[in-house]
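There is one chain below, alone, in structure tokens, taken in the form predicted on its own.
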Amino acid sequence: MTSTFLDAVNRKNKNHIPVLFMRQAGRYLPEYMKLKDVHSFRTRTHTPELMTEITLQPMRRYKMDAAIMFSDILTCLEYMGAAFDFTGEGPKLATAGVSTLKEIHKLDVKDMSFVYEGIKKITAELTDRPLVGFVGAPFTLCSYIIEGGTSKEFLKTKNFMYSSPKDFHKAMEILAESVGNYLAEQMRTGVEAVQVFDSWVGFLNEDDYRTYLLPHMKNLVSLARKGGKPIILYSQPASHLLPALKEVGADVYSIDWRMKLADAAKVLGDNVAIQGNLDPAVTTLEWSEARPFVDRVLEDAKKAGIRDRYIFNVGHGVNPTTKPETVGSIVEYVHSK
């Protein structure tokens, strides 16, 4: 497949700057909201036909350079002993806490057959652009299990990590092995790249990351490599962790909006691609208001000298109040540069 996205991932893009947005499928699109009114979140993420329709909705509207599989970073947890429900306030685990984490078991990748069927259906229809798969990183999954949902400080998670390191590492081993194998199976089924979302890792310092997470992240990447496709790592807010994140061994690093691309490039070096890093709040503006912020990101990418290995993206998922028209204008504008 010829693709500017994959060329950028492989650090050899000579075409336009590729664009895709995290959470580009869903949330802000009117056609998605119609489906949301009819089907529950679980139905949407577990039905291959609905996964396909939602994944392809932004691809029909915009000239995005890659599709992102519609799923959720937590979907695998219900097959590991930690089922969750998606409420209006976000995911909530039915049975949360340290006791649930201690009982977590390895994922049988066969249990995710509905995801693979969705991948097959998507790629059968999307023949001109690649599909990106994803899953949550071990620490983020662990945090959701212990906290029962999102948290402001993740005190329960850090308390368990510090006070029971042996049990913490055991759980992380199970999660890393499960996630790594799941990603490899996504690759074998048809995705051309995968992204690992470590959404809450920024609450740790670098020493803690190296002690409690880095060995497991390296193992995850090693297992996922068996699928033979590139791996993208997204961590936020994580500018202070970049030296350690570099050691994970991902092919692409997704940078949030808090750090300049040029500064990230200095730390990460020349052997990885870089993705990011527009503040998602900008997508809630009118295009005339958003353009200066897009220019700022593009100028920073130019300054960083990463034109052949840069993917334009938001620094976090798009907001429900994102303006679809502004997204379209951003895609066209970046492609013109």
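Start at 1 and count along the sequence shown; that's the residue number. Since the structure is predicted, the reported quantities are computational estimates derived from the model, not experimental observations.
The discussion below concerns the form predicted together with another copy of the chain, not included here.
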Inset, instruction - Find out whether any non-hydrogen atom of residue 128 is located within 4.5 angstroms of another copy of the chain in the predicted complex, and reply yes or no. - result: no
Inset, instruction - Flag residue 294 as yes or no: does it have a non-hydrogen atom within 4.5 angstroms of any non-hydrogen atom of another copy of the chain in the predicted complex? - result: no
Inset, instruction - Verify the contact flag for residue 284: yes if a non-hydrogen atom of it lies within 4.5 Å of a non-hydrogen atom of another copy of the chain in the predicted complex, no if not. - result: yes
Inset, instruction - Consider residue 258 of the chain shown here, and say whether it contacts another copy of the chain in the predicted complex, taking contact as heavy atoms within 4.5 Å. - result: yes
Legend entry - Proximity to another copy of the chain in the predicted complex (heavy atom, within 4.5 Å), stretch among 247-255, 110-118, 146-154, 224-232: 146-154
Legend entry - Site check 10, 41 and 123: each within 4.5 Å of another copy of the chain in the predicted complex by heavy atom: no
Inset, instruction - Name the residue from 37, 270, 289, 49 that puts a heavy atom within 4.5 Å of another copy of the chain in the predicted complex. - result: 289
Inset, instruction - Quick one: from 81, 215, 97, 237, grab the residue that has a heavy atom within 4.5 Å of another copy of the chain in the predicted complex. - result: 237
Inset, instruction - May I ask you to list the residues of 152-170 that have any heavy atom within 4.5 angstroms of another copy of the chain in the predicted complex, in sequence order? - result: 152, 153, 155, 158, 159, 162, 163
